[in-house]
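Encoded as structure tokens, the following chain is the form predicted alone, with no partner shown.
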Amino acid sequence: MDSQAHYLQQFANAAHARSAEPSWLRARREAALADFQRLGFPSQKLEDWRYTNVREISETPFVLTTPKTVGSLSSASREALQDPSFDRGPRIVFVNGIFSAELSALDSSPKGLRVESLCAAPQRDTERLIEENLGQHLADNLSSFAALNTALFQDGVFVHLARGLVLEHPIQILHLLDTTLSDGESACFSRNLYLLEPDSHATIVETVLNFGDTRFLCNAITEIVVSRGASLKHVVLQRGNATSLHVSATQVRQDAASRFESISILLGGKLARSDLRSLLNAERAECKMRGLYAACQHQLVDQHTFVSHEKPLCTSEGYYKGILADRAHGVFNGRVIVQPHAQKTSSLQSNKNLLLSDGAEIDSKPELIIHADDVKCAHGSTTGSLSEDSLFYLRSRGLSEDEAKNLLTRAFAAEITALLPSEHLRHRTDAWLTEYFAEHFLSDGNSNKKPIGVTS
């Protein structure tokens, strides 16, 4: 059975579970499935997928995940839930892409805030909002992964902030992807919808954690609407493993005087592809995209961003840093387009990469497409290795070679991690990075190298 026939069968198998869905949603699923049949999985002949081979995804017959009891969680998943950064504010938890009411903590949500399972949202007063927005903001040229997600998504998060609501604490969204709960190679399709009414302000922190040794595919789509005068800080912390395959896309629509800030940390994963797009749809909208990605061994991490300046007086900023070791491959493509009527646009874009070994590779392509004449735009990209002078200095002060490399690499990453909105998040991410880099630097058995100038 080829890949398209396999997912057609998966769609048919899930028909009973969708029987209670409204007719408009069933129609959108069927249309999306037809789009997937027409498009197929993206090939490297497409420019946006030139460096990213998805053959492993297209040739593996992943089976949709099914609900599991909390009692079957692995010890690693349970330990992740004890992180103190999850203790404040609303928390919604998904296990292999399916909402877990038992692990979530939503009772403390303030008036005017809705955080709930997208599929279980009460139909009485939210169906209209969901119908008007779900699938209506995705760009026409997003890949067939978006179409497949629309056809098959099992669950996700619906967030709605009332006009003028200002949240004191972040909304916590936790995805536990645990293959010890699956029978064979599984896939989850997550769908999120965040709607911020005028003058509302929020921080949303999404944490995605992989556990287990079996291949697992996560295909996630998020649509965000930031209305006039509203502000959203969106933080994504993704920690993959040697068998995880992640494909995600986030589409943002910004209205007048809105502010959207994205901070993403993509750490590991056999394949991690992330698309982040923002449409600046009215004057004085502001968009900031900052991120860090890291990979080692034969991992592939692919970060695509796109900002479209549609109206005058808008600003955007993109700043991404990559750390690649062993034979890892990194891809960065950041595209900014300034439309003819978007005068007084200001846009800056930068990509910096650190290669820790001769076998690591980065393909970096920042782009500016400008159709207006009164703009201030710049972009750039740099790639290099650790400074030999800095390594020598640290080793002469008593550090081993591995310790010096670890310290310099963490310092390179700290410019992004310092932007995280809480001390708990910064501590957690720093611990991840420390563990990640230590494993790499000490993997060759050279942890006993003596510092320069130190004798036994």
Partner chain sequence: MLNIHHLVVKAGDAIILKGIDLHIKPGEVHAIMGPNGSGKSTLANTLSGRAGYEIVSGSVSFQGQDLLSLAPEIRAREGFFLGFQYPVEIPGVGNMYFLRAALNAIRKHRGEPEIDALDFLTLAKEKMKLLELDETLTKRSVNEGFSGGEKKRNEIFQMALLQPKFALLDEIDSGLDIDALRIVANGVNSLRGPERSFLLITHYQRLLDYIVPDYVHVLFHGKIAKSGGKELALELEEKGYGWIEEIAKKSGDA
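Values in this document were obtained by computation on a predicted structure and should not be read as measured data. Positions refer to the first chain, counted from 1.
Note that the form predicted together with the partner chain isn't included here; everything after this is about it.
Taken together, the three residues 395, 400 and 407 all lie with some non-hydrogen atom within 4.5 angstroms of the partner chain in the predicted bound form. With the partner omitted here, the residue from 31, 46, 411, 418 that has a non-hydrogen atom within 4.5 angstroms of the partner chain in the predicted bound form is 411. Of the candidate stretches 55-63, 387-395, 23-31, 37-45, only 387-395 contains residues with a heavy atom within 4.5 Å of the partner chain in the predicted bound form.
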